[in-house]
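A lone chain, given as structure tokens: the form predicted alone.
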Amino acid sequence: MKKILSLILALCLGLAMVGAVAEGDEFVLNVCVASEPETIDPNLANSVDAAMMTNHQFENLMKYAMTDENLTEDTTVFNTEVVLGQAASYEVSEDQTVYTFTLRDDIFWSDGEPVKAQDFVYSWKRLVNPDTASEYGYFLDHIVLNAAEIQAGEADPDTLAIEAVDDKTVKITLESPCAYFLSMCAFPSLMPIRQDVVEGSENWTDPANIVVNGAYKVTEWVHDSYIRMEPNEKYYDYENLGPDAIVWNLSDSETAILSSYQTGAWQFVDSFPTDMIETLRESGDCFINPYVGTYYLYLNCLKIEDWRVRAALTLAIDRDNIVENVTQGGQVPATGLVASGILDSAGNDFAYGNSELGDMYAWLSEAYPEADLETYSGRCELAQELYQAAVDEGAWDPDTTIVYNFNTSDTHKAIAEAVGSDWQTVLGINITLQNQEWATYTNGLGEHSFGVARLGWIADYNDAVTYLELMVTGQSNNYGVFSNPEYDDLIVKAKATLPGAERDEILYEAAELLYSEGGFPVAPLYFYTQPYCKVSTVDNVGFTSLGYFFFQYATEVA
């Protein structure tokens, strides 16, 4: 999720920061991955860019560490894997439901206080507490014992099954074995935070107040301009850290971002005009990483009540046109909500493991066997049939105008225009496109005031649940207010089932149910890729296909 500043502000900032690239003999790395983050509070951060910044300031029980594998022809960016972080070791019970982590002896907060097991306990209980109102409050539901009951307001947060056995030992009890639990223990929402710091100030994340346990610490934050981080001298691997400072320049004006990169003001950017990608690749500036994510549209079930209309909207989108002529970044047309790159227990790509057509079309192919779902023209014919049936039965007023909301971005606007054109051409639907600044946009999502709204979801870990649980009744990210008790039960059942063929079957059933009669709450458009531009003089950057870049150990080369 990206946010926007004005072109003028970003251009001025780019020029102003040129002098910060080299401060004496210091290596100051200027990057731009977003505009003003919604927060850098680990429990509350809800975007990839905010999580990326959080990853540089806090460290979890587990962490991402660079391997020697390059993901593309760019030999300066390396893949990462989940390894021990603040934990020195862990043990798992015979039934795989109890994890006991022993913390390192050399971990300290940036003010010199030792990191304690209690700091993890406080963070995890704060996350699941409904009063915290975290978008990721659901994250531990049906994973850690009592989490779901706490989120539902049926149990006290103190009953969450995480305990500090002593200052150096964290014990966590799961509802049932979870194959991806260690990966969850590297996720930003679960990073430790200090109770006295958080409760000592409403503005505890300000540079003057923040206390961190990770590699870097915010030393300056000029809102809507930049965030400067410098190495944390108390970090156990301080001597091996890279940049003397990382400056996170805040902008989402794609034109201005590219201008600042091309003038040398910024050394790394991951957003720029899509029509420049081919030129930038030819010049050796742009590379495209694999990225496990799905770009999709919420179809508000409160405003578009008939599933046939939602299905028609989903079918009428020309996804090939969008990836070939609009985004132009090597994206792949989506075939379901679960992104390509998520694997089932047999190592199959979940997006295609249940049906060659994909989850979005599997049920329709059985319910409407005469429909040609392999071609866009065939999908449009079925879209028209479903739409007309809803109109004829009085379930949909054809004079209705659907409001399509998107947050400010040249790319989001171009996609909205392409989709709106498809809907008007194929279905004759009246569409109003509404561009909104990020704060207004996210408020509208939470208030369910839109008809259609764009969003993207990057996997939190490699399991289909990270996508499918988004559509559970009452889930904080279920902005389209979809509800199906049978679907909810399948997700709970999947979380309680050991990895294997039986669990795969449950997840595939849920994915197909999402796109069957009564469903179609989201219209997936494409599976992401991650284009970026980086100067050749910056080496040793980490990346995970879950969307995070890591600059802690970046080096400067001639």
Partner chain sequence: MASYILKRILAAIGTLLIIMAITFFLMNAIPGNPFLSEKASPQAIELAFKKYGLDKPLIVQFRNYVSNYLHGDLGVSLKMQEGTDVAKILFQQGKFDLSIKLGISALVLAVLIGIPLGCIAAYRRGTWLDGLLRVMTTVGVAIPTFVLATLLLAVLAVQLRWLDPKSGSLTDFRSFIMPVISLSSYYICYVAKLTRTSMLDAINQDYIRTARAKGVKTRVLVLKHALRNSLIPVITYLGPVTAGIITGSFVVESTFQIPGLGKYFVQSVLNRDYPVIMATTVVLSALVIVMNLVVDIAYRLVDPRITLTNREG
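Numbering follows the first chain given and starts at 1. All values derive from a computational prediction rather than experimental measurement.
Quick note: we don't show the form predicted in complex with the partner chain, though the next part is all about it.
Q: Scan S253, S123, S183, N405 and let me know which has any heavy atom within 4.5 Å of the partner chain in the predicted complex.
A: It is S253.
Q: Ok, W438, Y387, F78, F350: which has a heavy atom sitting within 4.5 Å of the partner chain in the predicted complex?
A: Looking at the other structure, the residue within range turns out to be W438.
Q: According to a 4.5 angstroms non-hydrogen atom cut-off, is L299 in contact with the partner chain in the predicted complex?
A: Flag for L299 set to no.
Q: Using the partner position in the predicted complex, report whether T39 sits within 4.5 Å of the partner chain, counting heavy atoms only.
A: Taking the distances in the predicted complex, the answer for T39 is yes, it comes within 4.5 Å of the partner chain.
Q: Please tell me whether any heavy atom belonging to D106 falls inside 4.5 Å of a heavy atom of the partner chain, as the geometry stands in the predicted complex.
A: No, D106 is distant from the partner.
Q: Going by a heavy atom distance of 4.5 Å, is N203 a contact of the partner chain in the predicted complex?
A: Close contact exists here: in the predicted complex, N203 approaches the partner chain to within 4.5 Å, heavy atoms only.
Q: Any idea which of 80-88, 340-348, 135-143, 280-288 reaches within 4.5 Å of the partner chain in the predicted complex, heavy atoms considered?
A: Contact criterion met by 135-143 only.
Q: In the predicted complex, do P130, Q262 and W457 all reach within 4.5 Å of the partner chain through at least one heavy atom apiece?
A: Yes, each of P130, Q262 and W457 comes within 4.5 Å of the partner chain in the predicted complex.
Q: Within 4.5 Å of the partner chain in the predicted complex, counting any non-hydrogen atom, which residues from 222-254 show up?
A: Stretch hits, in order: V222, H223, D224, S225, Y226, N249, S251, D252, S253.
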